[in-house]
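Only one chain comes next, encoded as structure tokens, the form predicted on its own.
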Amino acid sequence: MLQYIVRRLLIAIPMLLGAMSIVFFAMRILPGDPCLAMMGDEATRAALQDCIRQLGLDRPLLVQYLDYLWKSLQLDFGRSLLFNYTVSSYILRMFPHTLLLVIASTIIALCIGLPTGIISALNRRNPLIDYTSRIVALIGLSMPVFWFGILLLIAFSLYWDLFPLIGGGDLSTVLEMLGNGEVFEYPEDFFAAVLDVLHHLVLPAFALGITLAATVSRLSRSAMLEVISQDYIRTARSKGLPERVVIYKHALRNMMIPLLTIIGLFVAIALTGTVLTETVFSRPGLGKMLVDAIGARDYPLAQGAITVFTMTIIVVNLIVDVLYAVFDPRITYR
């Protein structure tokens, strides 16, 4: 097991290096001048040249690239060109918002998509149930998250005024109270902050979770159809076992491997979906930070955000691979 994990980590190194290289060179190919974005159109040529020299952008591109890789290994992504704060500290403030959104949307998608896909597979001979589930999944796949998010904002924020229009709640207060052990000293303040965070989380998580539940539904339906067609399912039924026992004890347990694959794939999709979701809802997070950084040509900020995205996806895939052996002892790591 340990050798497998080490081997997977070694394989992840060129993947991470490739993603970092792509974003580094892509940011410098895109049109636009970071110094011009910082200083405005009225900046003089001398001021722009001085800004370029201070930021080190006048150095050879290869030198900038090697310096970026070396500092990234130390988790030092430099300072924001536009706001002059350290990128690492800003990522630490924004990442909990994105992580919370991904977790909440994953729960929503699994709670909706997984039962829908399983019911559709078990009732494949019932056209009404099967076709209805597949049509609903197709509608979800065809519905962009930004469009659905705008509809939710119009309906539940502007028309009914049930949820806030922008923001992500006071998550920093929640984390600070948890870290300082002040939960039991000030329980009313803590629960008020938690409710505020959840209040801001409902619409973004629902928008992202519903659109991705369609993917979970289709994948879980295919996985269940493959499992229930196996010989051991027919053997269990021929023994006279109740259908409930066959499904819950045999089919669902052996469906865990494709289900873990679905979850690993879903986390990657959800992370990319946070870019649009956080932008539509003006919610703090890595996705909105990345959009703002690209618009401002803030190289360190964009590079740091994409590096964290890539590292998160690699770690999730590694965890999924390790869990394969936990749920299926037949799998060995060679």
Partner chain sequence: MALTEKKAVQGFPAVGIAQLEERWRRSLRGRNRRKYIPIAIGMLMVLTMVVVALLAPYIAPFSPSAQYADYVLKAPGAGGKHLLGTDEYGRDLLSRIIWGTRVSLQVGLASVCVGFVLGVPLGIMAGFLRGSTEAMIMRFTDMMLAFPTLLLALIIVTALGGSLINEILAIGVALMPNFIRLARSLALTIRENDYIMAARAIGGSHLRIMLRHVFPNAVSTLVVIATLYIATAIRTEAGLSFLGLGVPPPTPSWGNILSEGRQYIKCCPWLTTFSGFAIMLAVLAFNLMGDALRDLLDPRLRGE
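Predicted, not measured: the structure shown is a model, and the values here were computed from it. If you superpose the two forms and keep the largest set of C-alpha atoms that fall within 1.5 Å, you have the rigid core. Numbering follows the first chain given and starts at 1.
The protein also exists as the form predicted together with the partner chain; that form is not presented, and the subsequent description refers to it.
| said: Since only the chain is shown here, I'm wondering whether residue 221 would be in contact with the partner chain in the predicted bound form (any heavy atom pair within 4.5 Å). | reply: Contact check for residue 221: yes, within 4.5 Å of the partner chain in the predicted bound form.
| message | I'd like to check something about residue 26: if you look in the predicted bound form, is any of its heavy atoms closer than or equal to 4.5 Å to a heavy atom of the partner chain? | response | Output for residue 26 is yes: heavy atoms within 4.5 Å of the partner chain.
| Does residue 146 reach the partner chain in the predicted bound form, with heavy atoms at most 4.5 Å apart? | Output for residue 146 is yes: heavy atoms within 4.5 Å of the partner chain.
| query | Using heavy atoms and a 4.5 Å limit, would one call residue 9 a contact residue for the partner chain in the predicted bound form? | reply | Output for residue 9 is no: heavy atoms all beyond 4.5 Å of the partner chain.
| For the chain shown here without its partner, which stretch in 243 to 251, 134 to 142, 227 to 235, 115 to 123 has non-hydrogen atoms within 4.5 angstroms of the partner chain in the predicted bound form? | Looking at the partner contacts, the answer comes out as 134 to 142.
| Thinking of 150, 294 and 313 as the candidate spot, does the partner chain come within 4.5 Å of a heavy atom on all of them in the predicted bound form? | Affirmative, all three are within 4.5 Å.
| message | Only counting heavy atoms and a 4.5 Å limit, does any residue of 287 to 309 reach the partner chain in the predicted bound form, and if so which ones? | response | Going through 287 to 309 in order - heavy atoms within 4.5 Å of the partner chain in the predicted bound form - the hits are 290, 291, 294, 306, 309.
| said: Once the core is aligned, does residue 309 move its Cα by at least 2 Å between this form and the one not shown? | reply: The answer is no; the displacement is under 2 Å.
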